[in-house]
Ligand code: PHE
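Have a look below at one chain only, the form predicted on its own, in structure tokens format.
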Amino acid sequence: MQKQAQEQTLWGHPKGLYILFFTELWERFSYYGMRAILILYLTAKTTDKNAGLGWDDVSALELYGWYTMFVYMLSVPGGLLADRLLGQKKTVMLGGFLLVFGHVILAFDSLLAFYTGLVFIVLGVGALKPNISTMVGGLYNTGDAKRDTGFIIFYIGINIGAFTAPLIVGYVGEVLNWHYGFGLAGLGMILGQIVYIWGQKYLTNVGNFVPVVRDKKTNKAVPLTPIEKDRMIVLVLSFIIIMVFWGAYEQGGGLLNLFAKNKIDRVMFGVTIPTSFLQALKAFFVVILGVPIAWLWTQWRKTGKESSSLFKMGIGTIVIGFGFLLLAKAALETSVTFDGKASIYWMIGAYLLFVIGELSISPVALSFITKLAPIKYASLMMGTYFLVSGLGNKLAGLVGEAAQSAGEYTIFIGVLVFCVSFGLLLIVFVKKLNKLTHGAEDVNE
């Protein structure tokens, strides 16, 4: 990562962190706002007062899976574009403009506008996501213990956007008009782009283009060292964890969205909660629990116990698995209740466990990549992280499709068993994997 010389700080962190914080907050507001109503818009009947496209659940889940996969798959060429041509800072700027165009186009009520908007959003996220995350790591010097905390702060920004978007965009889209909701998501992206443009003065030393180092005699790119190769192996293995995580976690926008709509009693205190509002639960829990869980892991490390990134990811995968145990209980309840619906509290409890697991996986993985990835492959490896996230999203869509025939209970139990088994396997081999990092996680206390 690039070193920050005489970087201006605020509350102990570079001021650039807060520019990236608010840029990503609004970008995620636009993305999660649109995502909260996407599958509901696809399945809303064409004869409804707020008419949708009238698709069946399976077709809607299929598009949802492909869309969320491609959103993240394009992060690989987005990372390459930054590493080889533009640098991270300019590529984020380009991605922001593409996202603004995409979200604004979705506000128009036509099938052509719908598909065109999705294409622009896919391209925009691909350019922005891997590079803005890499820039966060670039704000900190090698061995700076504040790096992990910086990523937690950045991650909280992501989830403030993810929390408010389903409430605001979800209400406008689901209750008033789908395209008003899409337009409101676009307004969020415009605000994010304004923040990023204004804050360039705090990002002068990060995200700039770094030419590939070449051998003076052969003019070929300098190859990776043996240590760098070992670290790349660990990164590739960590990507498998990420795919499993997103395959389970992203049921929220697809299968669990439909499960909440059709089989959850959403009445609380006499008020029926819109389905899209439940999409805000996980982000709300992240904002509330982010700092406490970061503090707990810090205290855990100070006791001398195993606290590597890989260990945290293993624990997080197990905790997410137990969230599906609660959902399985909800699925059983639907078979015995008079109206065929389960208590909303099962879903609230499951989302709480999802978030506890998430906070031990997602921000930890982002920081982990910036520690291990060679500088010349920094954005590419972050792009690969999001590519794997996209594959996880596609996996989530396939699992959702399978639930339409196999039943939710069977799928929930299957995901529970897989997550717990995978997490335990990782913990068993964590010490051997840690050796391959060659002390990359050693920090200055």
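The first residue of the sequence shown is number 1, and the count goes up from there. All figures in this text were calculated on a predicted structure; none of them were measured in a lab.
What follows is about the form predicted together with phenylalanine (PHE), which we do not show.
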- Is phenylalanine (PHE) in the model of the complex near all of Y155, I158 and F386, within 4.5 Å of a heavy atom of each? yes
- Message: Please identify, from 408 to 416, 56 to 64, 42 to 50, 378 to 386, the stretch that has a heavy atom within 4.5 Å of phenylalanine (PHE) in the model of the complex.
- Response: 378 to 386
- Task: Using the partner position in the model of the complex, report whether H103 sits within 4.5 Å of phenylalanine (PHE), counting heavy atoms only.
- Result: no
- Task: Examine W246 and determine whether its closest non-hydrogen atom to phenylalanine (PHE) in the model of the complex is within 4.5 angstroms.
- Result: yes
- Any of the heavy atoms of Y32 lying within 4.5 Å of phenylalanine (PHE) in the model of the complex? yes
- Item | Close approach of R28 to phenylalanine (PHE) in the model of the complex, 4.5 Å, heavy atom | yes
- Pick from Y140, Y72, F368, F324: which has a non-hydrogen atom within 4.5 Å of phenylalanine (PHE) in the model of the complex? Y72
